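The chain that follows stands alone, in the form predicted alone, written as structure tokens.
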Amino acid sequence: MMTAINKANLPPRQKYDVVIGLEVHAELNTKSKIFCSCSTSPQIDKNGNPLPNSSVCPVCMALPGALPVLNKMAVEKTITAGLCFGCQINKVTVYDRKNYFYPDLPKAYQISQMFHPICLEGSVSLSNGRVIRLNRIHSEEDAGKLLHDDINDQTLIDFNRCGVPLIEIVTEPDIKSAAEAAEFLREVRSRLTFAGISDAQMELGQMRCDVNVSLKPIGQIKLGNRVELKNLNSFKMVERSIQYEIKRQTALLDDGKKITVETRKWNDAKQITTSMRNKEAANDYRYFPDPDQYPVHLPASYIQKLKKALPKLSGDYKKDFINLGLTPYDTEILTREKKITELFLETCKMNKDYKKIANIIINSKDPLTKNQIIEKLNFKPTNTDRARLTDIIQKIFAAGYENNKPIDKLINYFMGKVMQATKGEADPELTKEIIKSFLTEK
């Protein structure tokens, strides 16, 4: 005999299914913007700060008569992104106009892709064995940036970012928790950076995430009303905002209230989400093919060429490092950042104690400080070739130097240059001996 379950007595996490979908925006690291020749890197002032509105043109600013021209490299990097996630690449892709008015969008529409994106489907596997399906990866342009001045009660606009090429990675609603969302994002960031598609520095806004969260009673097929959390730019922010939103929606449903379909933003100081506006639907944007852009034809041979050129991704290195005897935890940490992976591989050329190298890098406060890593490992330099070192030092001397410095400072100066040229592999005693002989002659 079956016993009915009293849902009122169950804890919140067992009363409702959590349904999460992500929309990840990543800037492509092209040199120029997607529809014009403006640099994606703004000019810098004397203090090293980017100058607002220093990298714009009539196309960026949507001046009358200005026509966009598609950046081939932006398309190529979007295809490469799709290949990294096992996507199907469409042989013909089309750019559309997404119409909405906002101050940082001077055209009053965004050139994006709705009906024929470059990449379809694909997936990411999580450590718990679950697979998160991708709906699509499409190409589009970024908008400008609003700068809110609360002191003077005004908002300024910097259009430097306007027209920077983006990809948007859209998942199916397969994610079930805040932890899964964060793991998915880390894997996405890893693949994009290892493939050289995006620098994906979230703190600089190069990778941002919109999160759709909904709850439904366990066993119910129909999805609940979804809430969109906009412009989250850190893993912690994504996790905390989802956790808060699950609690907020749970409390509303427990009280018999309905979830409002809306867009909300995360207040990091108060650790809460607050309402921004009603959520738009696709038909609100009035998508239609952009008349200024021809359909883009992508031959199978071209796609195959890009597939063959794919570099090793973090998952490939994880397998390699497991074969070296490292633990899954070690491999996870060593492959989160491409620079750390490269440092580990470079250091392994000097010494075969892979576990010791991994432990020092993982436990280091600054894992990218190579000289400290080498010092802790007590590596012996490998370059004792006098003829090669002499040739290197001779070239450094020929480049010129300030000879009015004390002898000890000159020796240190040239030692640093030699170590830089040999990637730290020069024998220090032999190097110092050769440098002294050159200084004596001079």
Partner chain sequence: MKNLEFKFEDFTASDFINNAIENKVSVVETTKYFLERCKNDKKNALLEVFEKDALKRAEELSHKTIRGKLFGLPVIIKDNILYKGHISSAASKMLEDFISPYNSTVVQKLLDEDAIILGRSNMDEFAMGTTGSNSAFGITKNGTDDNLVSGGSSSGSASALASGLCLAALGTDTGGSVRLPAAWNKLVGFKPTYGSISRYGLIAFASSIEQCGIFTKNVTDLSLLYSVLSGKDENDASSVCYVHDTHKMLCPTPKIGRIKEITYPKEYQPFLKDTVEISIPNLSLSLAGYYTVATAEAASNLDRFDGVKYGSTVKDAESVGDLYTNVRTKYFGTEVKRRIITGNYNLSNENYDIYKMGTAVIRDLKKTFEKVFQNVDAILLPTASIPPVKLHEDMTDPLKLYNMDLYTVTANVTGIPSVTLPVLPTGLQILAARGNDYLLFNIARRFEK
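Please read these numbers as outputs of a predicted model, since none were measured by experiment. Residue numbers count along the first chain shown, from 1.
Beyond what is shown, the protein has a form predicted in complex with the partner chain; the following relates to that form.
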{"query": "Sole residue of D316, D353, E172, D292 within 4.5 Å of the partner chain in the model of the complex, by heavy atom", "finding": "D292"}
{"query": "Answer option from Y95, W266, F159, F344, heavy atom within 4.5 Å of the partner chain in the model of the complex", "finding": "F159"}
{"query": "Proximity to the partner chain in the model of the complex (heavy atom, within 4.5 Å), stretch among 388-396, 44-52, 66-74, 408-416", "finding": "66-74"}
{"query": "F115: touches the partner chain in the model of the complex, heavy atom cutoff 4.5 angstroms", "finding": "yes"}
{"query": "Non-hydrogen atom contact F288 with the partner chain in the model of the complex at 4.5 angstroms", "finding": "yes"}
{"query": "Close approach of Y102 to the partner chain in the model of the complex, 4.5 Å, heavy atom", "finding": "yes"}
{"query": "Distance check, D320 to the partner chain in the model of the complex, heavy atom within 4.5 Å", "finding": "no"}
